[in-house]
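In the block that follows, a single chain appears as structure tokens, in the form predicted on its own.
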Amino acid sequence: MTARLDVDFTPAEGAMLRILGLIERRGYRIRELILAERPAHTSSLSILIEAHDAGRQPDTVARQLGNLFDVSSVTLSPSQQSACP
């Protein structure tokens, strides 16, 4: 199962590590990652994730990301297959 997470956050020290580390610790592979800087010292990550097993629910990891320090919003959407092999 794959899903796309769009994460808006403040790019403070350690913020990226907290976001990506949480995703991997919760049993997901990161298949694609796009970072965009936003005005007012904020950034946005678009992350394509794939569960290690079918029992994982991406809405759980989305809620956990939303509780991280420096994360202002998380949007979860089902993913189409990536263009990359």
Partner chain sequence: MLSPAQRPPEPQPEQVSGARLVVEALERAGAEYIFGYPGGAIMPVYDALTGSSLKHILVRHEQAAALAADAYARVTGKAGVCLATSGPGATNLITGIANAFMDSVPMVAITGQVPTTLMGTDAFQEIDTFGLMMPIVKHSFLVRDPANIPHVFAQAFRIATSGRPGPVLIDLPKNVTNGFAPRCEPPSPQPQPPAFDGAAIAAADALIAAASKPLLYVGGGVAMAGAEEALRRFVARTAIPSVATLKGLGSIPTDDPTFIGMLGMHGSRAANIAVEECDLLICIGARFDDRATGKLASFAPNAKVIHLDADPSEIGKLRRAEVGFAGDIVAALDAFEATPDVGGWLAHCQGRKRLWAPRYDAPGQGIYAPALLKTLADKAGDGAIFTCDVGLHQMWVAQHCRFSRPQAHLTSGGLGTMGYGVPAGIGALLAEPDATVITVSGDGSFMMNVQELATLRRYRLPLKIVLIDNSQLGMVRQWQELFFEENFSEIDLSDNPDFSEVAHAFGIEAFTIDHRSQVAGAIDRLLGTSGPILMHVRIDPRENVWPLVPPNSPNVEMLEKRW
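As the structure is a prediction and not an experimental result, all values here were calculated from the model. Numbering follows the first chain given and starts at 1.
There is also a form predicted in complex with the partner chain; it is not shown, and the following applies to it.
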**Request:** Evaluate S73 for contact with the partner chain in the predicted complex, applying a 4.5 angstroms cut-off between non-hydrogen atoms, and reply yes or no.
**Result:** no
**Asked** Though only this chain appears here, would T42 touch the partner chain in the predicted complex if you measure heavy atom gaps against 4.5 Å?
**Response** no
**Message:** How about S77 - does it come within 4.5 Å of the partner chain in the predicted complex, if we only consider non-hydrogen atoms?
**Reply:** no
**Prompt:** For T60, is any heavy atom within 4.5 Å of the partner chain in the predicted complex, or not?
**Reply:** yes
**Message:** Contact check in the predicted complex: R18, R25 and Q64 versus the partner chain, with a cutoff of 4.5 Å between any heavy atoms. Do all three pass?
**Reply:** yes
